[in-house]
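Only one chain is included here, represented as structure tokens and corresponding to the form predicted on its own.
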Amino acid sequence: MEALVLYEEISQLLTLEGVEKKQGRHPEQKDLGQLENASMVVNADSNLIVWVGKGDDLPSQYKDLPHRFSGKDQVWIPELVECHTHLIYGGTRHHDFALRCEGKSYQEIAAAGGGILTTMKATREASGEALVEHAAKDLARFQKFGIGTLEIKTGYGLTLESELRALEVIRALSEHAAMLLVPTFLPAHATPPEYKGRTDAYVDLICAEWLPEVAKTGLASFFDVFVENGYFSAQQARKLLHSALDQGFKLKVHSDQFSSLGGTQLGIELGASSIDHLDHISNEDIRALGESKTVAVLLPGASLFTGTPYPPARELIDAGARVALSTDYNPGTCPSRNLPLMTTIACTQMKMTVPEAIAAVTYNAAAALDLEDRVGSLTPGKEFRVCTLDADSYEALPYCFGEME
């Protein structure tokens, strides 16, 4: 009992118990587990929740705990989960933005040597120390938005040396961050200039040499691939993803951002944890995602910043898909760390309800990282990771454009 801590008088608390029971499908207000004048008992040694409920229902064995704190005038929700970022990079891409404002498309800029390859050059030239310093500042900004779990992809080095360096940066950040960081190996983000016109050879190299080498280090949990015109075909992605599975990686897929090329079908077939973007997903693939366990990760900030259509959130949710939201933080298509703002955009532009948006940045985002058994809801046995809102209701999160204390 010495390790137990009582948090009491919490004005409003969301457990997301109902969302958890429904595995994130069709979240409604009644599924948020809303409690008024709530209490929570936490084991400080394990940082696990022991009990949660209404204050009046607090079991007698916890009523005299010496370690107790008040949550009066506070709203508690699960700490937010950011499930798709490209946080390790050098340089900036403001010139790409200026070109898009003049009418150039993302693909046109990339074909002219801009886009991902601009960031690749700056990332290759940056030292590991500089990358750590830059990324640490970004993590601090993310944390101010209530984010406690964050996925980080490689993909801006595109050599084995620089991709391993990025993964080592993530490990170095993990050693000092209060946040839970999830590393993803994304060498198939673009074809590097050394392999221009020889993407098949680059794919072969990743499969034969890079994946086994990274697997030996244990530095990455997931493998990801960008399926898109001018990047990687579904056939190339199939080879990469099968090789990644053989090496013990869990899978993610960038798919249907600008065109539908079969990446979504492939990801579902191979049991990917998530398929991300989906701006141009087909009706057939919407139905397939609704029947699968794979999480649909939607990135409205990228659509806003590039002026492309928003992904069909309403259709995906109505089909039964588990829908998560993310910033897609990166220097080219969404240089924003404001995950709460993504809920605002989702509600106003993508026809999502507030409960759906809350579930999308908590439980469903955790499911996109295979972490729903640890984070994303506030139920007994889960980690004690709480986002505290200075508000009178959780509804303030999407209402305030992310501008909350």
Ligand code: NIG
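Start at 1 and count along the sequence shown; that's the residue number. Computed from a predicted model, the values in this text were never measured in an experiment.
Unshown form predicted in complex with the named molecule; subsequent notes refer to it.
A heavy atom within 4.5 Å of the named molecule in the predicted bound form is found for exactly one of Phe185, Phe232, Tyr106, Phe142: Tyr106. Proximity to the named molecule in the predicted bound form, defined as a heavy atom within 4.5 Å, singles out one entry of Thr294, Thr149, Thr123, Asn330, which is Asn330. The closest non-hydrogen atom of Arg93 lies within 4.5 Å of the named molecule in the predicted bound form.
Contact check for Ile206: every heavy atom lies farther than 4.5 Å from the named molecule in the predicted bound form. Using a 4.5 Å cutoff between non-hydrogen atoms, Gln257 counts as a contact of the named molecule in the predicted bound form. Mapping the unseen interface onto this chain, Ile116 counts among the residues with a heavy atom inside 4.5 Å of the named molecule in the predicted bound form. Contact with the named molecule in the predicted bound form, judged as any non-hydrogen atom within 4.5 angstroms, is confined among 283 to 291, 241 to 249, 83 to 91, 126 to 134 to 83 to 91. Of the residues in 143 to 182, only Tyr156 comes within 4.5 Å of the named molecule in the predicted bound form through at least one heavy atom.
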